[in-house]
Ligand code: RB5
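Before any questions on binding or motion, here is one chain by itself as structure tokens, the form predicted on its own.
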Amino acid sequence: MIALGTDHGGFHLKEAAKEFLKEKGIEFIDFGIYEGETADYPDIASVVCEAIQSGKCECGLLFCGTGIGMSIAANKHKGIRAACCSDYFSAKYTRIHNDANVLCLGGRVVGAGLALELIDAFLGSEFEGGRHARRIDKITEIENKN
């Protein structure tokens, strides 16, 4: 199950992502916003991250104007590794090497076509483990210490 969330700056990308996920038969929960109303990205990021932390969702897609605000807010949550990406390589390798569980995209940075390619790359990739697991463990140590 994929968690989706957006503020007003990424609303159109979230809507495109929903159609893309439906076409691929991928289940998701839309945590808002729903009509393009104004919303504060930290509030939406929190709801999506809590769904991941609880195990209700495996990973998340967050959208805002740049993707950066959502990424910053999401990364404040324990166990969340959110990456703001605007190119295919980063979207794929943040899963493979960083075990990212949230992809953040900017509605004012990437168009819908590219966003769907990035989502496909992100969701179609899996963590390799190996030498990368040691690095993720170190990130988790920092998270637990602070």
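Here the structure is a predicted model, which is why all the values come from computation and not from measurement. Quick note: we count residues from 1 along the sequence shown, nothing fancier.
In what follows, reference is made to the form predicted together with the ligand, a form of this protein that is not presented.
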**Prompt:** Are any of the heavy atoms in Asn101 no more than 4.5 Å from a heavy atom of the ligand in the predicted bound form?
**Reply:** no
**Asked** Does at least one non-hydrogen atom of Arg108 fall within 4.5 angstroms of the ligand in the predicted bound form?
**Response** yes
**Request:** Considering only heavy atoms, tell me if Leu114 and the ligand come within 4.5 Å of each other in the predicted bound form.
**Result:** no
**Request:** Report whether the minimum heavy atom distance between Ile68 and the ligand in the predicted bound form is within 4.5 Å.
**Result:** yes
**Request:** Choose one stretch from 21-29, 121-129, 134-142, 6-14: the one whose residues place a heavy atom within 4.5 angstroms of the ligand in the predicted bound form.
**Result:** 6-14
